[in-house]
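Here you get one chain, nothing else, as structure tokens; it is the form predicted on its own.
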Amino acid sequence: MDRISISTIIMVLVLIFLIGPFVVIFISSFGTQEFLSFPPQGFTLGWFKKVISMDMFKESMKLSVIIAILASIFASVLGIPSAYALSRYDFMGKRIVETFLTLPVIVPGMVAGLTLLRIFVMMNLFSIKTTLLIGHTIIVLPYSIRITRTALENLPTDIEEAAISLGASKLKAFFLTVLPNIKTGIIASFILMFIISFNNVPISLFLTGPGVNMLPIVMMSYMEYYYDPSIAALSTLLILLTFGIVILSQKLLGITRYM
């Protein structure tokens, strides 16, 4: 067996390993039995209708979407100037700053969630929704910085320097020449941050409170008491939504080169 055949077999096995669980969930969501099983018996769309009509899922979905959007916006506002400073300037302690900015990615989610919980409990200044928003902004901020910095480093500095030489201030040159040329990277980072925030469990688990629940936590709680295909149906909808966003963004903007 030649090398190409072995490589092909390994690639197929990896694809099965990665895609297999999603296929199982997808097929199981159409089963007619009252419990989650594979392969399912019969075919029904009833579980999809059930999850769409349940208030607990609708309310938590709405909150998760709002938190993910706002966290991505705030992280972009903080991340773009940070990425610009890291890509354009050399200063003392730059490596240390870069390390600290990547800590939310390196530190385990459970540790980060517990740390944020203790900080917010000690401060006792913010509402539960505000603490969730701050926590989600912190965990997605490194992605904004990294992706935006990559876009900036791929952008020749001559464009900005030409604008400045023609009389534009540095700030005006940044908004008129730099931002328009890295908008694809910014959109790519926004989409990635939204997906990460929306699907986050550790931060949401530690920072949630009475009457405030993110969708992943509601799904976990539901599975503790019910084991029907409704969670599989909801998971299928979320998978299709995520793939749809990524594929559409790739077709329109070609964002996967940044992700």
Partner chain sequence: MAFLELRKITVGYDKKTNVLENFSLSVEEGEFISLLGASGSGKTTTLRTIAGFLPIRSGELIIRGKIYNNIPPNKRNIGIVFQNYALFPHLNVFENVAFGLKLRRMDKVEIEKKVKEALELVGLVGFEGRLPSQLSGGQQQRVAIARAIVIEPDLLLMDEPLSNLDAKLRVEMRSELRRLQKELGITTVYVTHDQAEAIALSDKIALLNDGKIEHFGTPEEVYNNPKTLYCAKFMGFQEFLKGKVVDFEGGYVVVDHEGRKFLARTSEDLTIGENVVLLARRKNFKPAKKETRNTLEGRIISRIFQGDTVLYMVDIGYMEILNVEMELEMGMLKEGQSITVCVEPKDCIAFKI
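Computed from a prediction, not measured in an experiment: that's the story for all the values here. Numbering follows the first chain given and starts at 1.
Below, we refer to the form predicted in complex with the partner chain, which is not included among the displayed structures.
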Exercise for the section: Flag this candidate site as yes only if Asp158, Lys172 and Thr177 all have a heavy atom within 4.5 Å of the partner chain in the predicted complex; otherwise mark no. Expected result: yes
Practice task
Using the partner position in the predicted complex, report whether Leu166 sits within 4.5 Å of the partner chain, counting heavy atoms only.
Solution key: yes
Practice task
Using the partner position in the predicted complex, report whether Ala162 sits within 4.5 Å of the partner chain, counting heavy atoms only.
Solution key: yes
Exercise for the section: Spell out, yes or no, whether the shortest heavy atom distance between Asn181 and the partner chain in the predicted complex is within 4.5 Å. Expected result: yes
